[in-house]
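Below sits a lone chain in structure tokens, taken as the form predicted on its own.
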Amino acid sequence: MFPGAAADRNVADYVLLGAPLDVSTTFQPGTRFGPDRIRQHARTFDDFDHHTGLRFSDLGVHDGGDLHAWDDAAEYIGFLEGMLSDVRDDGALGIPIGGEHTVSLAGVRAFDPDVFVCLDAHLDLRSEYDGNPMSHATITRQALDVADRAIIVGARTGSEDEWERASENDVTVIPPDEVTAWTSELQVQSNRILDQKPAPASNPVSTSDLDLDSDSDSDSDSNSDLNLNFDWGSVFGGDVYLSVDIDGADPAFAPGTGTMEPFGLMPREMHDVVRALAPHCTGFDVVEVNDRDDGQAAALAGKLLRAFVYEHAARSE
């Protein structure tokens, strides 16, 4: 069980579901061990969160264990989507714990977001990989069959065709060297929205009727060029699904993943993005942790999962 996730399923506000799918990993397999690794390496974390003043064990989190995966990824994703839809219909937020990134597709289909935001080293905009359209390398492209747009934070590699697809209007790529500035303004815009319209966790903040201006008058003057060029309504204009692919982190901090990519994000940058977006999200997952390190990737994934729950729950206090 994930530490502190002992709430009864019938009254839970958050339901964790391990999704140990490991069939299309293209380099180092092992995501089948991801959910248990994350649970194991979260055991040392304090229950209390000083950012929100909340205790994780008080937040109505239930761990539903692992949903055994099999080789037919499309069939498994359909099964997982059904399980997450049941959680949604019960008024709770289902959180898949991967497993390869393909499992995010189940969450996206179950929660039907307007915007898919992912922390990821890779664009994942391929139509297929080695002839397999249900590959973890196609997840963002498939998410766009549901969501209106995708924002890929920390991406630093992709094929020529993927970069061409990323240049279309429904995709925004925030490269690693712009993430700190982007996140700083993300926090300003998020706080502005939350100050205008506090909302319970079961009804995350929607911002279509709020004062949201890409030409911000915030105090982050150093980001003025970014403010002018980025459409913040594309982030906060509807329901948001946030997916954390742990390979978004630099492999120096999270080597336990299938396809490491150097020059990545700092853990603190990922933490800031998760905390800023959590109150606006209707869906969340963390994926691509495997067993090929000493627990660094799993510990980071567990910490980000907890950060999401703390910040999301804080809006219901």
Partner chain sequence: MARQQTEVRDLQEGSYVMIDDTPCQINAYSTAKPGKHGSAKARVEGRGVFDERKRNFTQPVDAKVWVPIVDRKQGQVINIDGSDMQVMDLETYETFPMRIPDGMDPSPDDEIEYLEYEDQRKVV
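Residue numbers count along the first chain shown, from 1. The structure presented is a predicted model; accordingly, all values stated were derived computationally and were not measured.
Here the subject shifts to the form predicted in complex with the partner chain, a form of this protein not shown in this document.
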Report summary line: Within 4.5 Å of the partner chain in the predicted complex, heavy atom basis, the matching stretch of 35-43, 253-261, 288-296, 66-74 is 66-74
Requested in this report: Would you check, heavy atoms only and a 4.5 Å threshold, whether residue 82 touches the partner chain in the predicted complex?
Outcome: yes
**Report entry** Partner contact for residue 86 in the predicted complex: the partner chain, 4.5 angstroms, heavy atom
**Finding:** yes
